[in-house]
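Okay, so here's just one chain, in structure tokens, the form predicted alone.
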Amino acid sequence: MSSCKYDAIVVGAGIVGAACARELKLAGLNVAVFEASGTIGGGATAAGMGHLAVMDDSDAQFALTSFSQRLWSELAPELPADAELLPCGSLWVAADDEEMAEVHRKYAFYTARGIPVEVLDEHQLAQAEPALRPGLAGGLRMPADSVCYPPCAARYLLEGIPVFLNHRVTRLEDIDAGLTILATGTAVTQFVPWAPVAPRKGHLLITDRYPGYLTHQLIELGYLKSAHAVATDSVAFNAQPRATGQILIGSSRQFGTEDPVIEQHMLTRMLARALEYMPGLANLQGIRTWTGFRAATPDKVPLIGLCPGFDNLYLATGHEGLGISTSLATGRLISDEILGRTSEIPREWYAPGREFAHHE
């Protein structure tokens, strides 16, 4: 590759890399993508749930997810049918009074920032999702959330951009381009060994087609505890309707393993948790299970921007379970930094060289 042929090379054809490449192309740069596998949107992109959600774990997370959701909304009319964009909304499910207190906290947080939300009591929750077990305390509905099928969304983002599949980069010195963007998920440490990114394994199961069985993306409030636990394996109830009528069931989290094998004990725990919330799932037919690896940082905020020690290497990784949600905003921030534009949200929150506090 001649450096005069491409202004930028994006390494990684997952949805984050695709979003970065698209933004750079829209800005007028000559861009190409190198992908180690034979597939666009493989890896974590294919393994993920495809939830396009606004989250409130931190100011940085909220800013990135809300900005990205707006970009997804603007892109939605262009997306092809196979991207399976489904504007189903999310329902955070509260099991008890303690979790209802969290519902009200989230309601106040989002309302103050202009995000549409609605508090549901026990009866309204049952009406919204009849398959949930009786006796749950209520929930928080977020109607602007949606889901998509990420691999096809990634393929759309890369239309018109040269993608070199089965092109494994082993050394940064072998990339002959003006700029390089590493959107390689957990593999970023092969190029930048100090990068604070670790793999976090997850299991998912998808059912046969049951149209109308589930209306919203469902997430238990206990999911927050699961997502924050870094020392132990954890599971939490998460169920998602797909445009096909299938139901995607999660989720599990494990550190300390890079083996993609399906672990029966984790799958059993995950499904048992799901049955606590939706007992009728036991009557549905599961057709496939798989695992994937989220790229996790110590503060649950991705690394987006110029890599310390380099003047032409940018990182776009560490999105944990929010890579699909935040991909478009990540691409915009990378493009803004490269082109010297002012960003709509503070880029320093995501700077790869930032200091990391100790997180439990």
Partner chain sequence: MNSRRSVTGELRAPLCGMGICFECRDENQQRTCQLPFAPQVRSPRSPGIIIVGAGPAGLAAATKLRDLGLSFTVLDDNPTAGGQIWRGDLARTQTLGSDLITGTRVISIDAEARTLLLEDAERAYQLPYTKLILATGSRELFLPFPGWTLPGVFGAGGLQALVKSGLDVQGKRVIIGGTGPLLLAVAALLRKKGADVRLIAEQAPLASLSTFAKALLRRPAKLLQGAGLGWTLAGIPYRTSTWVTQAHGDESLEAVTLNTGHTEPCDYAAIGCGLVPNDELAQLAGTSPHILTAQTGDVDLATLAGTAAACRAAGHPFNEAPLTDARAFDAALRQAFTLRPELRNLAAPDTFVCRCEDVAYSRLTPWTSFRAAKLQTRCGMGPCQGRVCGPAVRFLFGWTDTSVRPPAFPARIATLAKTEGDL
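Not measured: the values here are computed from a predicted model. Numbering follows the first chain given and starts at 1.
Missing here is the form predicted together with its partner chain; even so, the following discussion is about that form.
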Does its partner chain get within 4.5 angstroms of any non-hydrogen atom of residue 38 in the predicted complex?
yes
Can residue 104 be called a contact residue for its partner chain in the predicted complex at 4.5 Å between heavy atoms?
no
Contact test in the predicted complex: residue 113 vs its partner chain, heavy atoms, 4.5 Å
no
Would you classify residue 82 as touching its partner chain in the predicted complex, given a 4.5 Å non-hydrogen atom cut-off?
yes
In the predicted complex, the one of 180, 186, 246, 254 near its partner chain [non-hydrogen atom within 4.5 angstroms]
246
Considering non-hydrogen atoms and a 4.5 Å limit, which listed residue (272, 172, 76, 108) is close to its partner chain in the predicted complex?
272
Candidate stretches 258 to 266, 89 to 97, 211 to 219, 121 to 129 - the one whose heavy atoms come within 4.5 Å of its partner chain in the predicted complex:
258 to 266
Since the partner is left out here, which residues of 270 to 303 would have a heavy atom within 4.5 Å of its partner chain in the predicted complex?
271, 272, 275, 281, 282, 283, 284, 285, 286, 287, 288, 289, 290
